[in-house]
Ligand SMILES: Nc1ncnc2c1ncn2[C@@H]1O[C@H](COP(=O)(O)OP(=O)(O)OP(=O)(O)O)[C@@H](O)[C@H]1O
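There is one chain below, alone, in structure tokens, taken in the form predicted on its own.
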């Protein structure tokens, strides 16, 4: 187990990385399946959704920490990022490798093809032990932390209600939870009442088992969540090239995408999650939150890896985001 290394400032946000990854990004000019492709360049970044969120928050000047698990055999790159960005490392160290994902970026089409590994497989006892250790860390951090971010997939063998368990314990201690996951873990966690959820269009459609191919259908699904019991306070639906939908019980806003030169779409949704948390820390309005979160996502699109430009550049982008009401 790695000794904790908190920095001078207590973390404002903790992201929970139960299934982190190393992301190997390979650029190809005109990807052709079934033949030999010559790569232009290759880059390896630490990743997994929770780590991406912490990295983007740190770039924006928010003090972040990561709790979860790392494989000892390739932990050095994670440790280097945490040290460089002053992200407090509260991870449990396990035997073996952290999973490695491959991202194929076509510089001609702008498309990214993801090859994601499932992660280490946990026996029931090992899964319970990891959850207990993570809960202990979160309990110690709760005194200073305002938000906990639960994002990403679960490794094989981890119970689908693990996020629900974390939400119940941490929100009882007065810490708000933002949830960004999919499938069975999303459905189970909603029963615990996270404060804010950020599915994408596909994840929301999967949750309701019906197509959501119009604004009316998207708003109706979001409203259904907002009037459930327990219910989140905010629902944000990321829509890729169509921007994002921001919903409260009183408002529905459409944040239009910014025209930026796309380097890689990997992690754009995670950057939006980071922008949402940064906006909630600043107690911004729904419209201002929509602008800042969209700017985070747009800024990330211009870079490989989980990184943002300087905060001033992100804020300048936010001022350019057009937000309109949705009937």
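Please read these numbers as outputs of a predicted model, since none were measured by experiment. Positions refer to the first chain, counted from 1.
Another form exists, predicted in complex with this ligand; not displayed. Remarks below refer to it.
Using a 4.5 angstroms heavy atom cutoff to this ligand in the model of the complex, none of 68, 77 and 87 count as contacting. Of the listed positions (244, 167, 235, 221), a single one reaches within 4.5 angstroms of this ligand by any non-hydrogen atom in the model of the complex, namely 244. Exactly one listed residue, out of 286, 62, 31, 258, brings a non-hydrogen atom to within 4.5 Å of this ligand in the model of the complex: 258. In the model of the complex, this ligand sits beyond 4.5 Å of every heavy atom of residue 157. At a distance threshold of 4.5 angstroms between non-hydrogen atoms, residue 94 is out of contact with this ligand in the model of the complex. Among residues of the shown chain, residue 200 is one whose heavy atoms approach this ligand to within 4.5 Å in the model of the complex. Although the partner is absent here, residue 55 is not a contact residue: none of its heavy atoms lies within 4.5 angstroms of this ligand in the model of the complex. Contact with this ligand, judged by heavy atoms within 4.5 Å in the model of the complex, is confined among 123 to 131, 206 to 214, 192 to 200, 223 to 231 to 192 to 200. Scanning 255 to 285 for heavy atoms within 4.5 Å of this ligand in the model of the complex gives 257, 258, 262, 265, 267, 268, 269, 270, 272 in sequence order.
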